[in-house]
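Given next, in structure tokens, is a single chain: the form predicted on its own.
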Amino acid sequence: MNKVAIVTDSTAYLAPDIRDQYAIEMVPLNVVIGEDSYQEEIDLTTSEFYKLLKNTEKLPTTSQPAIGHFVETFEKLKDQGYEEIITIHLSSKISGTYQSAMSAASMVEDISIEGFDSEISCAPQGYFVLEAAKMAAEGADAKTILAHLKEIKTTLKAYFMVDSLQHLHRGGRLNAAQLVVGNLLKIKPILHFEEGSIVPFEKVRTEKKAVARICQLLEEDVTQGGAYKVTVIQANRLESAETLAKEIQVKFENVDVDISHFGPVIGTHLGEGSLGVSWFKLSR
């Protein structure tokens, strides 16, 4: 068996069959809609979430996993005979999940537990998890795996846009004046992660221009040579994502394109209709 176990949280949005194939342990975050609390990816699917979102007046809230959930997971893996654990999570700047995992790690004895703050979320977080799991399956130790994850960080990019500014405003990332001006001018801000925080990258006037600008940024990287993994990420707009993914795949021969989604936790903050593209240079 693998000597290194890989743990992540639900915001990596890896399909259950992929998690099963590579023995990836997933600890879910929580989404509260009205009076009901759901474990992401367990009690609430992404499609169910967006249906509920349309019928709720109050913005859902999210919360990190309990420390005890991580302790149970780490203890289980230790009992299964693993010698090391790497636990990979969404950015510590947008969630306390990483800190909860590290607190739990300090409570579990007789096994080495290394944390990795992805400083991002969704499919890009999933890149780190899947690469780590593949290396663990090949017999790599934690030190070697973590060195490769740090290498991935140097080429990883992700840009996304929201369909409505309302969720960013209600979530405290946009003030009232910016909301009014943005709606009047039909601004579609391009957002990205900078040092682990979600910040504006550029402001454009239409979705078409936003998509074109993101594709331009992608082109600047992939035309420098090498093979790239690219993911189009969508919030309940699969058809748009499929069209964009096909366009990218046709235009660039050196990319492998797939489609992922903004699940309930991240969708709470971005809103339905959001669209993004992420990529990194393959080095293995």
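Not measured: the values here are computed from a predicted model. For every residue, the number given is its place in the sequence shown, counted from 1.
Beyond the structure shown, there is the form predicted in complex with myristic acid (MYR), which is absent from this document and is the topic of what follows.
- Stretch 57-65 is the answer when you ask which of 215-223, 250-258, 237-245, 57-65 has residues with heavy atoms within 4.5 Å of myristic acid (MYR) in the predicted complex.
- A heavy atom within 4.5 Å of myristic acid (MYR) in the predicted complex is found for one listed residue only; from Ala142, Ile198, Leu77, Val204, this is Ile198.
- Cys122 is the sole member of Ala210, Val129, Ala136, Cys122 with a non-hydrogen atom lying within 4.5 angstroms of myristic acid (MYR) in the predicted complex.
- Ser92 falls outside the set of residues with a heavy atom inside 4.5 Å of myristic acid (MYR) in the predicted complex.
- Although the partner is absent here, Arg19 lies well away from myristic acid (MYR) in the predicted complex, with no heavy atom inside 4.5 Å.
- Taking the partner from elsewhere, Tyr82 is found to have every heavy atom lying beyond 4.5 Å of myristic acid (MYR) in the predicted complex.
- Myristic acid (MYR) in the predicted complex is approached by Ala158, whose closest heavy atom lies within 4.5 angstroms of it.
- At a distance of at most 4.5 angstroms from myristic acid (MYR) in the predicted complex, all three residues Gly96, Ile233 and Ile266 contribute at least one non-hydrogen atom.
- If you take 16-32 and check each residue for a heavy atom within 4.5 Å of myristic acid (MYR) in the predicted complex, you get just Leu29.
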